[in-house]
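The chain below stands alone and is given in structure tokens; this is the form predicted on its own.
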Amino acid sequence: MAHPNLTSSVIFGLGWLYLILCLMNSFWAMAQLKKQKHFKVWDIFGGMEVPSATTWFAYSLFLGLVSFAHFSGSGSPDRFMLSLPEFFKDSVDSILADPRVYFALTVGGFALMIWLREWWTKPTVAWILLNMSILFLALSMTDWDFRQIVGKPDNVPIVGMLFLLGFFTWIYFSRAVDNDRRMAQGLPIRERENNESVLVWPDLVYPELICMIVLTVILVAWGIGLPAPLEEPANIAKTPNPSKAPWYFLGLQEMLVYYDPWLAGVVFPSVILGGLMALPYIDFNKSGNGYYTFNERSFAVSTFLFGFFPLWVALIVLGTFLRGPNWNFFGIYEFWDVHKLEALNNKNLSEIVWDDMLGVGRPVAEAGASFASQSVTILIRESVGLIFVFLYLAALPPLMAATGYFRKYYNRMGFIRFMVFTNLILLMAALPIKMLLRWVLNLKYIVAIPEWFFNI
């Protein structure tokens, strides 16, 4: 039985969302009117100067009309026209359901975020992007399948955290761009010109107390309005499909798809924590202490954000909204069909080399062979993968030290710190490399030694 995309309650609820968006933009329009900002229209339309507030008031009026249409049309959902067209949903699903395209979009979006930071951090541009994201969410709520994923009680906070993440990212980049511009002009940085230092008592403790009380009220209201997603008691004969970890472990669970549990569940998390603790001892650049900047710490900031956004936040989004039954990929508007099966013929590197490329078959120890003989056979079988891993972790760091870009890091860090630094970067890069190898070549393990429970 097909579920209706639009119901009276959905249309009425979206009316409140459009009304809130209308009020937000009305306040924004009044702020623009107070600042007396103007923009020049295209020459084809006369090239005149138009107050910015005029455009925002018109947009607010349009949102008010849309809100009124939702309130008045909630009684007839079958005839309501404001919804996403099917061709748009099919196009988005065809893109997001492919993990290669999804990962390419996340990396491309990250690169654009860095490259266009001086543009999108402008308040007006950031406000337009916020409006576009809220409108996209509102229109997407007119799809039944999208509502089942995003509207789950344990997924609602994740949607809110994505907006908070965007807000705090904008704060960092806007202040960093401002300081970089000030330093280029020979002006004092924002933190020194506008000293925002306050005393802990009472200037900081009182606002924290107020925020704690307000947050407690919000959480209580949230708990009353949105019940906790409690399910039936655990049953070993009936496991959820899909069975997902908590949201903060979904990135780790996604890593388990591409790496053995000892690597994804033990080694990589330990390296991440150890690497974060080692950063103050590795970093030789003292710029940026106590103030926001990007140009003075471009490599460090870009490396950290690449590990945070494409390799952690994007994996959480992927695991939350795009991983469905049987751990298959689904589009955000696609029905989670439990009968969907995608056969994957994953192969180890030894199979690709010995069976497919050389055609001689993988070396196999004779029955009853000694442990030493079996070990030699295993090492020969996995020799290509072992050599690849050795060259990646041992030969690449000296090669990086000899190149022009990393030579300055080697000269200032010394041998030990540089080796730790490069191996942390290479281990971070190992995740997207393994993901691409899985998606492109169906590669399961680079080194596969199940006899010793050692797989890479």
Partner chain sequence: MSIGDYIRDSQIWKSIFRHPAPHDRRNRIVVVLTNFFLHLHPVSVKQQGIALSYTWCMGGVTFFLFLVETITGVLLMFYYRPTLEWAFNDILALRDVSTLGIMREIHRWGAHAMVIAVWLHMYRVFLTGSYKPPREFNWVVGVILLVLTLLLSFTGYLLPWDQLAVWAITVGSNMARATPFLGYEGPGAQLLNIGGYDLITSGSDARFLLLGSRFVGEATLNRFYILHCVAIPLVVALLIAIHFWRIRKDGGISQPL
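We call the rigid core whatever largest set of C-alpha positions still superposes within 1.5 Å between the two forms. In this text the structure is predicted, and so the values were computed from the model without any measurement. Residue numbers count along the first chain shown, from 1.
There is also a form predicted together with the partner chain; it is not shown, and the following applies to it.
Undergrad: At 4.5 Å between heavy atoms, is Tyr102 in contact with the partner chain in the predicted complex?
TA: Tyr102: no contact with the partner chain in the predicted complex.
Undergrad: Do Trp222 and the partner chain come within 4.5 Å of each other in the predicted complex, heavy atoms counted?
TA: The answer is yes: Trp222 has a heavy atom within 4.5 Å of the partner chain.
Undergrad: Quick one: is Leu318 in contact with the partner chain in the predicted complex, heavy atoms, 4.5 Å cut-off?
TA: The answer is no: Leu318 has no heavy atom within 4.5 Å of the partner chain.
Undergrad: Is there a heavy atom of Thr142 lying 4.5 Å or less from a heavy atom of the partner chain in the predicted complex?
TA: Heavy-atom contact with the partner chain at 4.5 Å: absent for Thr142.
Undergrad: In the predicted complex, does each residue in the set Val92, Lys122 and Leu322 place a non-hydrogen atom within 4.5 angstroms of the partner chain?
TA: No residue of the spot touches the partner chain in the predicted complex.
Undergrad: Would you mind picking the one in Ser383, Asn295, Asn285, Asn326 that has a heavy atom within 4.5 Å of the partner chain in the predicted complex?
TA: Flagged contact: Asn285.
Undergrad: Between Leu187, Leu116, Ala245, Val364, only one gets a heavy atom within 4.5 angstroms of the partner chain in the predicted complex; which residue is that?
TA: It is Ala245.
Undergrad: Look at the stretches 306-314, 334-342, 130-138, 79-87 and give the one with heavy atoms within 4.5 Å of the partner chain in the predicted complex.
TA: Correct option: 306-314.
Undergrad: So which bits of 190-207 sit within 4.5 Å of the partner chain in the predicted complex, heavy atoms only?
TA: Contacts from 190-207: Arg190, Glu191, Arg192, Glu193, Asn194, Asn195, Glu196, Ser197, Val198, Leu199, Val200, Trp201, Pro202, Asp203, Leu204, Val205.
Undergrad: Aligned on the rigid core, do the two forms place the Cα of Ala111 2 Å or more apart, comparing between the shown form and the other one?
TA: Not so; Ala111 is displaced by less than 2 Å.
Undergrad: Would you say whether Leu187 is displaced between the shown form and the other one, judging by a C-alpha shift of 2 Å or more on the superposed rigid core?
TA: After core superposition, the C-alpha of Leu187 moves less than 2 Å between the shown form and the other one.
Undergrad: Comparing between the shown form and the other one on the rigid core, is the C-alpha shift at Met212 2 Å or larger?
TA: Yes, shifts by 2 Å or more.
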